[in-house]
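Alright, two takes on the same chain below, each alone as structure tokens: structure 1 and structure 2.
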Structure 1
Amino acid sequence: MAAFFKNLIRNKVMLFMVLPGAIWFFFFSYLPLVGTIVAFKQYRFNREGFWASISKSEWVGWDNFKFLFSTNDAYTITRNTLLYNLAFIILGLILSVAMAVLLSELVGKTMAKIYQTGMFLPYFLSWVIVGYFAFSFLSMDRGMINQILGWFGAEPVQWYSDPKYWPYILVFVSLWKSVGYNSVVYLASIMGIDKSLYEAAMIDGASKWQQIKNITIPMLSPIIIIMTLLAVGRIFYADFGLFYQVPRDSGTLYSVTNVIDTYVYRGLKTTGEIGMSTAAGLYQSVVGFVLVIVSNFVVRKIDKDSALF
């Protein structure tokens, strides 16, 4: 015990530095875990307060979880959630790394900053605004794309009624919004690579592509693995704003735009069952946790130094 307190005193500066983050995690991540019990209850509001509402609500066990899997939509929402997230992870990784490498190779640093700012800006736009941007392009009557098609004599497309276009539209919009932000992470890592490695490669006659292939990408592999592991942990989560605001909640598009988050939201609006919504969130968190553990285990077997823990 004495050694424990000695370590606390010895590392007090570092502990004070992490204290704000620890407090934040306690109140916003660990303390709310108590509320997961709502997933196993038929939650009903009680005038006596939150704790009374939980304690006096009827215990229903796994009934709230059955909501996700007992309907014909269960396969559709699970398929959409997984496939979209796989596309976002794979394409987002490739484009973000490529963009970071291109920015690092720009000679004019002023232009590099302008490009970087331009790519970073969409990340700060809300999905409501992005949804209206998309509508200005895809509107049946006044959309820019249909106007262009009209100039060439083509028939206008009913974008918000035809599901076949939306997997591509949603992937494109998601990448447009997120690639700039993710590329900054990889660009920062590239800036930290020892320049002498590139100088030695140039002396040996290596081309730019050979430098990128044999120096940049291998040096980026640890941060690539970490970012991918974190993304895998959220593979059962879908960006609610993307799948709800951009398609404008069009019922004819549900076959390709309905994911777990939007399905639960619509069910919550219809039934008002808070327990069902909590069960869905718990299910997504547990699956994400298991995926991170398994993925990290696989990475440790391949390269221990690249694992998260």
Structure 2
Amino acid sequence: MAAFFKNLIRNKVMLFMVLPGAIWFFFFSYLPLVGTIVAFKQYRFNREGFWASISKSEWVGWDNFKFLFSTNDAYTITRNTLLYNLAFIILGLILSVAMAVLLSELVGKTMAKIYQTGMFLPYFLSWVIVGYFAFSFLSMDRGMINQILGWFGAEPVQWYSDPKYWPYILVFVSLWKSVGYNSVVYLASIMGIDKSLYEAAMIDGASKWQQIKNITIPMLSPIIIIMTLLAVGRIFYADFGLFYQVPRDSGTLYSVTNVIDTYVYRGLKTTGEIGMSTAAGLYQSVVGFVLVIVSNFVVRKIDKDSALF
């Protein structure tokens, strides 16, 4: 015991340094873990505060989960979250790598820099702004797309109330926002490839295409695999902004725009199904946790330094 205090005193400066951050983690990361027991309760708000609300709510066991999985919602939000993320990962990877290789082959570095700056812009914008952008194209009576359709004599489309277009719109908008940034990141690692590899290939008479296929892509594959596995680890988490702002929270679109994150949010703010939404959130956390652990394990096998932990 005395030794323990001695150690504390010896490390007091460092302990003071971690203290503010540790307190933050305690309140914003660890206490909410305690709050997840609401998933097993019939939540009743109590004005005496956080602890009273939790402790005075009645235990209901697995009822919230049973109810959640007995509805269609659980299937819909899981399917939407997984399929959209899968599309984002696959298409995003192909387009980003293709664009990075393309940028690396450009002659004229000034122009390449200008293109990169343009491609980078969407990354810096919030989803609210992107939602407005989308509206300027998709607005029923004023949007650009309906005007173009009008020139060809087609009927205007009610974009914000017809679910069938939204899988494409959401994939497009997501790629629009992320491909530029990711390709610049991949480009940075292409720039790091040893130039003598290309020189050797050229002496052997390899064409540009052969060089890309046999040098660039293989040299990129570790970072490609790692970025992809990390994304797979997060496949159960959706980008709330994309699915909430871009469809303008339109109710008729929920079948194709509702993901786990938006479902939980609506449970909290709109429908008031606190217990069931917490259950959905816990379901997301648990499956997400397993996926992160598994993908990190795989990353570790491939490249120890790139693993998260």
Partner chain sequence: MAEVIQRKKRDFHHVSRGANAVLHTIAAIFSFLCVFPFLFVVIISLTDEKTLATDGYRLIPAKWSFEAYKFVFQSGDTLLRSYGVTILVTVVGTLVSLILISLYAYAISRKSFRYRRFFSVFAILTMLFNGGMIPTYMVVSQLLGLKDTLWALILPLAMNAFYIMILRTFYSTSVPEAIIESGRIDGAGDFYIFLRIVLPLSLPGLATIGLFSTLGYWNDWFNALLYIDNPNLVPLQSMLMRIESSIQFIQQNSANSSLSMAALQSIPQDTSRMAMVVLATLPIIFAYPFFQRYFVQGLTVGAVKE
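Quick note, the numbers are simply positions in structure 1, starting from 1. Here the structure is a predicted model, which is why all the values come from computation and not from measurement. For the two forms, the rigid core is made up of the largest set of C-alpha atoms that agree within 1.5 Å on superposition.
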- Matching structure (the form predicted together with the partner chain), either 1 or 2: 2
- Message: Taking the rigid core as the reference frame, tell me whether Asp63 has a CA displacement of 2 angstroms or more between structure 1 and structure 2.
- Response: yes
- Establish whether a shift of 2 Å or more occurs at the C-alpha of Val256 between structure 1 and structure 2, with the two forms superposed on the rigid core. no
- Query: Is the C-alpha displacement of Gly281 equal to or greater than 2 Å between structure 1 and structure 2 once the rigid core has been superposed?
  - Reply: yes
- Query: Once both forms share the same rigid core frame, by what distance in Å has the CA of Ile293 shifted between structure 1 and structure 2?
  - Reply: 3.1
